[in-house]
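Next comes just one chain, in C-alpha cells: the form predicted on its own.
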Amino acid sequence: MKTVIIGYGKMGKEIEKILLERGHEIVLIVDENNTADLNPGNLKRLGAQIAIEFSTPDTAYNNIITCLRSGVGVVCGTTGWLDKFEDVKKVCEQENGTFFYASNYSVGVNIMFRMSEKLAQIMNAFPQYDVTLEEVHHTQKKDAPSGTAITIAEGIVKNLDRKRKWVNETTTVADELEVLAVRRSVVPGIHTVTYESEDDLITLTHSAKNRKGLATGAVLAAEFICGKKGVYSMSDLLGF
C-alpha cells in the first residue's frame, strides 16, 4: 500500500513506524514545512493510494479535499473541523472516492462509545441519576472538547431522553449534558462518564496509555479501505 502521512507530529511519527512494520511504503510525508508538496500532480506521480491525515483543525478540510480530488483515499483522525463533514461526503461521492473518519481510532475507545450508548439507554429508567462527562488531554491538544468527548456526548444525548444537548461548560440546566475539557501535562487521553445520584455514582472511564493504539487503528483503517469506495467509520472496521 503506497501511503501519504499528512501531519508529522507525535501521531504522524507513530503511524510511520507502524506502516513500516506492516510492510507498507510511505511515498510522502507532509508537515508544515512542505505543504505545497500535497498537490494532485505530485500525488499522482508518486502513485499514492491512501493518505492518513492527522494535521490541525484549520488544515484538515483542504488536505482531505485535495486528496479526494486526486484519487487518493483518506483516513482522517483530525478533529475540530466537522462543520464541513457533509461537504467532504459530497466531494467523496462526486469523485467516487474513499473516506474514513473516526474521532478516535482506539479499539478500546470505540468499545466505550458503544458501552456509553447502552448505559444511557439503561439510565432512562433511573431519572435520579444526573450525568456528566470529563475529558483530560495533554496541553498541546488544539481542540476542546476532544472529538472523542463529542462522540461520547452525542451518543448520550441520542440515547438519554432527559438530555437535550451537550454544553462545553459547567451547567445546572437539567436537560443539558455538562462536558468539561481539562488540559494537563502529557496525558494521552482520559474520558470519564459519571452518573451520580444522592446515594451513589457510576463511572465509565477509558484511559489511553500511549498513542500506539490510536496509530494502529488508523493503519488498520487504511488497510480496510484500500480498494474500496465510499464513506466508512470504525463501526464498519470493527463490525459493530
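All values derive from a computational prediction rather than experimental measurement. One rule holds for the numbers: they count along the sequence shown, beginning at 1.
The protein also exists as the form predicted together with a small molecule; that form is not presented, and the subsequent description refers to it.
So, D200 and the small molecule: in the predicted bound form, are they within 4.5 Å at any heavy atom pair? No, no contact at 4.5 Å.
G9: touches the small molecule in the predicted bound form, heavy atom cutoff 4.5 angstroms: Contact with the small molecule, yes.
May I ask you to check whether F54 falls inside a 4.5 Å heavy atom distance of the small molecule in the predicted bound form? Result yes; F54 sits at the interface with the small molecule in the predicted bound form.
Since only the chain is shown here, I'm wondering whether T78 would be in contact with the small molecule in the predicted bound form (any heavy atom pair within 4.5 Å). Yes, T78 is a contact residue.
Location of the small molecule contact in the predicted bound form, chosen stretch of 154-162, 97-105, 111-119, 84-92 [non-hydrogen atom, 4.5 Å]: Partner-contacting stretch among the options: 97-105.
Identify which of L43, V179, L214, V193 has a heavy atom within 4.5 Å of the small molecule in the predicted bound form; exactly one of them does. So the residue touching the small molecule in the predicted bound form, by this definition, is L214.
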